[in-house]
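Two versions of one and the same chain are coming, encoded as structure tokens; call them structure 1 and structure 2.
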Structure 1
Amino acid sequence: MFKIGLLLEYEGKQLFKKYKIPVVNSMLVTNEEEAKKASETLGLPVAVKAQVLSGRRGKRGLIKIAKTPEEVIEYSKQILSMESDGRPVTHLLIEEGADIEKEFFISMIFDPETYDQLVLFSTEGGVDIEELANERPEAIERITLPFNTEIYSFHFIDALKRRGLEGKVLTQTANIMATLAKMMYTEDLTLAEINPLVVTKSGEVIALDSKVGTDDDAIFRHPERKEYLSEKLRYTKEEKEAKEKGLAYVDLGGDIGMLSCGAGMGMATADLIEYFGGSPRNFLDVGGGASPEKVEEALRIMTSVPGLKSILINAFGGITRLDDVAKGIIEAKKKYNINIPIVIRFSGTNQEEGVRILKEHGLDAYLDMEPAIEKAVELAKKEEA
């Protein structure tokens, strides 16, 4: 399951600052007193912006403009009492106000089809861009830069001129786009977006927001990112624990705990749980070649979540050894005193030895996956009744 490592707005802006992309002054705070102090330093009016991972913050009341100290306190309190992405808002960015003349939009990715760098630009920023793309696709300019192009601002000038930009605004915007495009390489970004990029009344071009996606697989080149707040907010407690142990955990909200060896297998298993009328609690993948310790740890994380009605372990032994999986199950069952019914499916490498170990401890395994999944669903329903 592919997740992009989105940064929080302020983290993205720290990156922008490092590359001299203009941003307005701002301060990160965690309570209304700090917010008030920040607004005194920055000068009113200020924007009070929740630092959360999902978008459309304005529409969700997670961004407010405060014109007085009282408003700073009121809005800060209000936003800090709200939730986003299933967790409370804990951090606010207090930001200097900007005199906005025009709003642009820039977004860049590596095109999933051509693998080249694709840059989108519109002079109609600040609005819902996906809506704009549907209604008036011609309002969005597309520029393709072949992968590993040596990028300069001239790459963007013609397109921006076509969109009516001129003078200093033209050169500043082209410079920002070139910088952002280069950053994608040096910072291992999967997404670089500024919406809105504003032109102020005095003619300055400034990034008023940031949406930056980082490549989790490249974190070894950017070890500082492990300490980022976004890294902590991105995962639930179970997801985070699993990640640290090299497991993949995704919360799905149902009541059947599910463990698989391999991601595709996990998805197919979750599909079948629903097909048979059940509801998976999680997607938990120990990967191929899992050790007994990994299986044991996976079961510990799974059973730490309340409300489980049954557990389904679907293991196809390719490079995974099923005797290892069996050992992990038995160990976890003892150590964490698991009393929830466990349904196991074993097929593949060292299957006989695995089943023998299970039987010694009063468990058994199915050979085919579908009957096992049906059984787990049936048991979960029985628990309910």
Structure 2
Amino acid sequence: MFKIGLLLEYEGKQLFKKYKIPVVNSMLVTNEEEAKKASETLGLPVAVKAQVLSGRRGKRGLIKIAKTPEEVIEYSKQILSMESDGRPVTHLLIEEGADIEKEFFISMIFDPETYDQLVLFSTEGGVDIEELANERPEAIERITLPFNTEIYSFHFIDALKRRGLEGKVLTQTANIMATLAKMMYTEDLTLAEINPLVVTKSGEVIALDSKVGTDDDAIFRHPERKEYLSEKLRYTKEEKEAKEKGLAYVDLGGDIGMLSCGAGMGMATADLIEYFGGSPRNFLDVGGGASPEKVEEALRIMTSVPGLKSILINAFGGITRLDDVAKGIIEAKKKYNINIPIVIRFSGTNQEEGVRILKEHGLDAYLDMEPAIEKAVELAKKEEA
């Protein structure tokens, strides 16, 4: 299974430029004065676009069209004062305007089961493609390309003709799709999407946006990506710390801190928290064979995040020794003065010794998973009330 890392729009467009996919001119800035200078260079009107790792920017006010220097400054200030997924907006792309006649949508992904390449195309670009897929799936053309096949523009001609494309627009769009498909292989991408791909009134076909996902496991072939801005922005402070300590931590935004021994256990726990009406704050996996020090460090990182109302530790001991997990819990509780209610479930290797250690320090452990999760949800709701 892929580990996916999304690129920022401007980084995706740098890849497009490398492969000669047409894009409009743009400049990356960090404040309103730089934005104003960029607009003077590019010429008005310009699009002021937040560089964030989440979609639907237009609907959230993170993209605005500025027609005057005053609007460039006003919109830049507005967007730079906003947040996206709990992270502040720090960078803007100032992009020259395009004289748009039509908008298309192209998306390419790998099927993780077969590794075939799935290509989606619609002549209704610039809209919420998920809504379009649900409400009018017939508006989307689907093309499957077998793994490791040489891709050429003629592979797409018939499908594009069915959608009414012809002449120069047909050939340009087919060329862009063939280039994207090749880019997927050579750049180790998991996703390459353009929404919208626009046709200008002069008949040029241009990528007006980019959504590019990379395979993190292939980063050794692309070491330059370690220095990408997206690599720095995609992690919260806690996620960065956890990564450095060899822990898997993902911020989920809820109020129940969750620690598991094993990724599968963690995902099942998160699902059950929601099933019982709670909201997980994080995914945090200490992995198999976790030492007391690793458990202690995991709890330090988890409890450094404000807003936790309860903590759930769901530990199944396979190669992990539950007495080691218990020692890590006790040490973290002492060292970091953790007063948040803790619910523990132990099952597996050295379970009896782990439970004994917990009891010596006034803690207990559930042996079954569901009652423990229900209790953690109950405690979180009690704290909320």
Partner chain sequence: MAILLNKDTKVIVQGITGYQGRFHANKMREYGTQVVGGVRPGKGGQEVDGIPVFDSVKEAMEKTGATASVIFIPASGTKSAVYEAVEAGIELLVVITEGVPKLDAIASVKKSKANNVVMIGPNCPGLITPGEAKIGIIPGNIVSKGNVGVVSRSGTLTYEVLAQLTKAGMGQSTCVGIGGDPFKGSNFIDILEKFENDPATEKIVMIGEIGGNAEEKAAEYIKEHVTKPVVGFIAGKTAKEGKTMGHAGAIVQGNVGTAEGKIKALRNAGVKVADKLSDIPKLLSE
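Basically, rigid core = biggest C-alpha set you can superpose within 1.5 Å across the two forms. All residue numbers here refer to structure 1's sequence, counted from 1. All of these numbers come straight from a predicted model, not from anything done at the bench.
- Structure 2 derives from the form predicted on its own, whereas structure 1 comes from the other one.
- The interdomain rotation between structure 1 and structure 2, with the chain split into two rigid parts and fitted on C-alpha atoms, amounts to 23°.
- Comparison between structure 1 and structure 2 places the CA of L322 7.8 angstrom away from its other position, after core fitting.
- Superposing the two forms on their core, we find that the Cα atom of N337 is displaced by 8.9 Å between structure 1 and structure 2.
- Core-based alignment between structure 1 and structure 2 gives a C-alpha movement of 3.3 Å at P112.
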